[in-house]
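One chain comes next, on its own, written out as structure tokens in the form predicted alone.
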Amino acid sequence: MTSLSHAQALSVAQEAVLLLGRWAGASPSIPTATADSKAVTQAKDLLKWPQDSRSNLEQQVKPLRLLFDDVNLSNGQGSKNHYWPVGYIKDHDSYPPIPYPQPNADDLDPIKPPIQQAIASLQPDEWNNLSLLMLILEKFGSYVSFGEQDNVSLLDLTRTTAAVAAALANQPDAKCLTLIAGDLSGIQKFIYTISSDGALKSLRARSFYLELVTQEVVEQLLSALDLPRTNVIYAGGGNLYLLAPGDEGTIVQNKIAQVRDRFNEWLRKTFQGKIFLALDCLPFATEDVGTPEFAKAWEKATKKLAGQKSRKFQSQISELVKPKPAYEPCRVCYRDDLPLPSLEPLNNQEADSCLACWMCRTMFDLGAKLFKVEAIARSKQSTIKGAQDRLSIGGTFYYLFEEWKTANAIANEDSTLFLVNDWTLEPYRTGNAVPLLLGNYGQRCPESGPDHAQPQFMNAREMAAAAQGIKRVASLRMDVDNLGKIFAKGLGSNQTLPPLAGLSRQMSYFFKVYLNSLAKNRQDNLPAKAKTLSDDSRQNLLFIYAGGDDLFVSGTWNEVVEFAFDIYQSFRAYTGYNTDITLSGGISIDGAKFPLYQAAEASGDSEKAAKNNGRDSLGLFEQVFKWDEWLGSTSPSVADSDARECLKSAEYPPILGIFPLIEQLEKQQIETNYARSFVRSLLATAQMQDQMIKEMENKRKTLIHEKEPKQYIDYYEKEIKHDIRYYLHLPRMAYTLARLPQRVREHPEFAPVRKSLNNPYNAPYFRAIATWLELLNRSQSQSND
């Protein structure tokens, strides 16, 4: 590390670790802090680094207040304040427990001993290892605040101050800085639009590959602009943001254009134009990093990318329009520009495997190897022995290793070593290692056995076989509602660089780190008072993608459904139950042989329907309800205002919502024949309601067409429709309940269930309740029908 920009970032990181060590009472042979350079001084002034930090540490290091509490779009948190619990990320903790905010601040003293131990272990030459120092700050400084803003962590203040200092290194008085924004478009098509046997692990490999593509763009930008890694504000899921020096004479802009054009040339040749890199930059006033104006720069930089996306491959247009011969298409991705000899069997282990192109074969093979990838070496060398696989990305090679020691022994000094979800200090002492966070949970294929030479992820057939009731798999897609608005204006006057970087990191942590924990160790990671249908460990899941603010997960249908509810409740607790920060999701349930790309499309459609339901909703069983309606509530506010107005005279049910009624009905252990009869009756009631409501809507349209009086039309719109929706079920439900076994009907615990099923508030949920029960209780023979 010799460049001036790296030296500035290192200086800030060294001071932060020194301060943390002194606060914790560490007494190692550490270097004495030196005077700040002009660039570091400027950066500290802009981002409000505490002026008396070196002598006033007990007042500067405090419990970290929840940044999500300050997000306010329309509802907000009001005066609520939460704090992160005291803690740190432990060594060998690949899947650390989810920290849930609490109303009161913890005493920070318990984390001082491990900090002392970590900092005391530093050798003199390791004080120049920026990667190691930043990892120490990430382990111990992610959940303590530093400075006047008690919702900005020591880690986020350090890395943003280091980023600004690095950007100002050569021109401390520069009037402007540059924000670089990038976006890989076409990811959805690349990941999901494939059709083949073994598609599940191919999808996982494609998602992993695109993470490395995003990483390679970042690496090339850092190299071209000679910037340290602290200047990466965010990178993941095909999106990236970097802070760079001011752009005098368009030098920065030209370097960015060179990276973009070089990368797009490779993307065009490799993916036939299906994937495109939009990469642009925006100069902004230097002082804006410490004001809400920075959020405007962020928004403008993002919007600039739209122009490039509308003119994809403009500089390579002559190549794109050249006439090209078409050949027999690849049976996986359907590209048709490769002559037949280029197509080979996708799976060499199967005689009748379909013919596939080199990229699809690479992804298929990669999917079988990802289970144990713990280290990835990035190198310009075309050959490194000892790696289990090699990927070529944008002119650079990525070598996959099962453990970091092998990678470290083989990779040369010019390599970068990415360590997957590894917070152990030891590997980072080499100086070329950096963490790579991945939402990568996947259940091991039982057939591979504990001693199998190459363990693999479960496939769709194995997942379906492990499902409860009907033998089906499910696909779940979810993402955060209004994320763009949250970043553009959610923090109001607090919309400066450090809080925005913190918001981005904490959001990314949930999807890339803590979802792994929730999948692997369910009971240890659910929030207090979480509603669950079962106590199962629920591990038959495979993350296709999880990062940024969204996810795509496959698995046994019942476990995916429960996982969706777990995720929502965990996310709401993690964000302090801020009503402006919600999730929407969609689930499709299909047979094991159903094309996965169609399942991805169906779950995506279901997710869109949830968004169209006012967000904060889930689409499941081809129905969409608010999460509160699925989960149940003790308040009639779950129902919309129109329903409440209609049902104001109705008694409020003891049990409201789909989830609690499923739970109670499962507890009754109704005999199989009675249960089937009950479900069929419930479904018939729901279908009758739907049919009559549709007829009323058609009648209303006819009345409008015939220009009947508004009063008459409204009568059909509200009164008759409401009567059907909320009261039509009563006679049939009374008959259905009367046919249940006497021991069930007369059991004291069944009384509130009976009352709730007869209540109009629950009438809209009958189809979802019946479908859920039907799938849970299908026998093996019925599943194969």
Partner chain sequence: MDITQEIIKKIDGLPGTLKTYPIRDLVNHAEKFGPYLKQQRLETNQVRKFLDAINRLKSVLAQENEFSKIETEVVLLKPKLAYAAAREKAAKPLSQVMSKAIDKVRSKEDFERLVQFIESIIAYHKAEGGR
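Here the structure is a predicted model, which is why all the values come from computation and not from measurement. Residue numbers count along the first chain shown, from 1.
The next section is about a form of this same protein that is not shown, the form predicted together with its partner chain.
Student: Give me the residue from Glu645, Glu697, Asp414, Glu344 that has a heavy atom within 4.5 Å of its partner chain in the predicted bound form.
Tutor: Filtering the options by heavy-atom distance leaves Glu645.
Student: Between the options Leu683, Leu338, Met692, Ala301, which residue brings a heavy atom to within 4.5 Å of its partner chain in the predicted bound form?
Tutor: Looking at Leu683, Leu338, Met692, Ala301 one by one, just Met692 meets the 4.5 Å heavy-atom criterion.
Student: May I ask you to check whether Tyr727 falls inside a 4.5 Å heavy atom distance of its partner chain in the predicted bound form?
Tutor: Flag for Tyr727 set to yes.
Student: In the predicted bound form, does Ile720 have a heavy atom within 4.5 Å of its partner chain?
Tutor: Judged by the heavy-atom cut-off of 4.5 Å, Ile720 is in contact with its partner chain in the predicted bound form.
Student: With the cut-off set at 4.5 Å between non-hydrogen atoms, does Pro731 touch its partner chain in the predicted bound form?
Tutor: Yes, Pro731 lies within 4.5 Å of its partner chain in the predicted bound form.
Student: Could you tell me if Arg754 has a non-hydrogen atom within 4.5 Å of its partner chain in the predicted bound form?
Tutor: Although its partner chain is absent here, Arg754 would touch it in the predicted bound form, with heavy atoms inside 4.5 Å.
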